[in-house]
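Only one chain is given next, in structure tokens, and it is the form predicted on its own.
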């Protein structure tokens, strides 16, 4: 299956490695290849793709540590240092093999190194397949604020092999599933109904819905590539979610991205009820499905002022307002809704109560 994105193609299915080899031969026959991995994909995924291509098998490899705590300028500098040491020039193709951390950091490093070298993404996590590898957002966390520094920069192609899901821990599958639920909530009521029947650990079932989730993400990106208007709908659950995720980075109960976004979607749905956008019945429907797959216990012990402070750093804020994308029904949304501190506190208290 092929999905046309903004200036590149997303290839999906069990034959993508043959397409990858053909893509390199056709477009980058004289380029050297460098592969960026983390410690997990170095062990579990690199040997798989190396068997499909002599060029990839003989490529230089740069490894970075996994985990959101490592999405830092220090590790961006490590990528730059490694590219310099290898002797990389503009006739180098960087392949980002990994989850969202690898594609975000690899894309940023490639775009800024020597004013830009081409890169492609091979997402290996469910979260990266349906979200991070599509849309051209690159960057890293700074001063404990999620994705504070970054660029819009599209890959030359994306290659999605669902078999990589077999390498994931269960928590990572659920984390990616949260983004699929978000796509359904903002744009596709039918998909929402279908995902109610899905167990994220049943890989054949989840793989069935990956293309549709990608299509939803890609439709927003194609319409609004630089996040000026409609693409902001993709921020549903993320104003709370990014702040909660950032707050718990490095803690014993650190949250994965999708786990924080799941909490954020319930918090923001609560605010949508308060503002009259959705009914309490819709909130309970969302809450019930998310509660099956995610826990709210992280909010048993949190500092609400610290979380609000992190929310005030959100990139989509303007004129001193904390802005959110809220749903107006399952499958529809409104962007740039100003939300005050009291509303945020009530939403956090509501979600905290769900952990008991």
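Positions refer to the first chain, counted from 1. None of these values were measured; they are calculated from a predicted model.
Although it is not shown, the form predicted together with a small molecule is what the next lines describe.
Taking the partner from elsewhere, every residue among 44, 71 and 104 has a non-hydrogen atom within 4.5 angstroms of the small molecule in the model of the complex. Residue contact with the small molecule in the model of the complex: residue 268 places no heavy atom within 4.5 Å of it. For the chain shown alone, residue 286 is not a contact residue for the small molecule in the model of the complex, no non-hydrogen atom being within 4.5 angstroms. The small molecule is not drawn, but in the model of the complex it has a heavy atom within 4.5 Å of residue 99. The small molecule in the model of the complex is not approached by residue 244, whose heavy atoms all lie more than 4.5 angstroms from it. Of the candidates 85, 169, 250, 280, 169 is the one whose heavy atoms come within 4.5 Å of the small molecule in the model of the complex; the others do not. A heavy atom within 4.5 Å of the small molecule in the model of the complex is found for exactly one of 295, 323, 328, 40: 40. Stretch 121 to 129 is the answer when you ask which of 76 to 84, 121 to 129, 259 to 267, 186 to 194 has residues with heavy atoms within 4.5 Å of the small molecule in the model of the complex.
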